[in-house]
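In structure tokens, one chain follows: the form predicted alone.
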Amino acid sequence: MAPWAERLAGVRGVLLDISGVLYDSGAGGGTAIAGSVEAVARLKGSRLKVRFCTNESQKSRAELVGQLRRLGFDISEREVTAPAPAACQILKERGLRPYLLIHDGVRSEFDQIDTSNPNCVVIADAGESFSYQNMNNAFQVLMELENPVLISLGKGRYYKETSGLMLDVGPYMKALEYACGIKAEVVGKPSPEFFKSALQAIGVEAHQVVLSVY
């Protein structure tokens, strides 16, 4: 195997996932994964450009960053690429008014979005808000549209908390896809556009980065 210096030749940046890579979420703010705080500090002290990429959709970027800083991470909100702001940009550009099937913790990210008379659905990791009634409301909105649009903040099957594995948005997204006979537009990992936006933020090309994701 080639030495690390040789293998990293030409690498200018690092894209880091957050949940499952830097910390495990859970009660009391979660816990940092052993060595992750120190690893981030070393990366940020190097010549490499660092960008944090997350599919977190139960917290706003401000809340997530605050939580990570309390765990000891050197991170700022401007260094984080997250799906909610990206989705808001899409909604504004396309004149879409969403029915929001999302967690209350991320609702503030959509404060500037018109949600009257919905002409699309945005689904995220809604947690306890994944009730039958809310899922059915989303289903009804989509079925009433001539050209239904379903935007999903990620499509993960599950994620890890300190208490164990938790269902993610993917299974609920798939339920609406199946019921409505449509295909969701995924904003977040693993969408290529999501990673392209992260690369643009740090000014590097795809072949110049190392990616660490859960």
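In case it trips you up, residue 1 is the first one in the sequence shown, and so on. Because the structure is predicted, anything quoted here is derived from the model rather than measured.
Although it is not shown, the form predicted together with a further copy of the same chain is what the next lines describe.
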Choose from 78-86, 91-99, 104-112, 133-141 the stretch whose residues reach within 4.5 Å of a further copy of the same chain in the predicted complex, heavy atoms counted. 133-141
Under a 4.5 angstroms heavy atom criterion, identify the one residue in Arg157, Arg42, Arg70, Arg47 near a further copy of the same chain in the predicted complex. Arg157
Quick one: from Gly29, Pro148, Gly66, Gly170, grab the residue that has a heavy atom within 4.5 Å of a further copy of the same chain in the predicted complex. Gly170
Contact between Leu165 and a further copy of the same chain in the predicted complex at 4.5 Å, heavy atoms? yes
Distance check, Gly181 to a further copy of the same chain in the predicted complex, heavy atom within 4.5 Å: yes
How about Ala175 - does it come within 4.5 Å of a further copy of the same chain in the predicted complex, if we only consider non-hydrogen atoms? yes
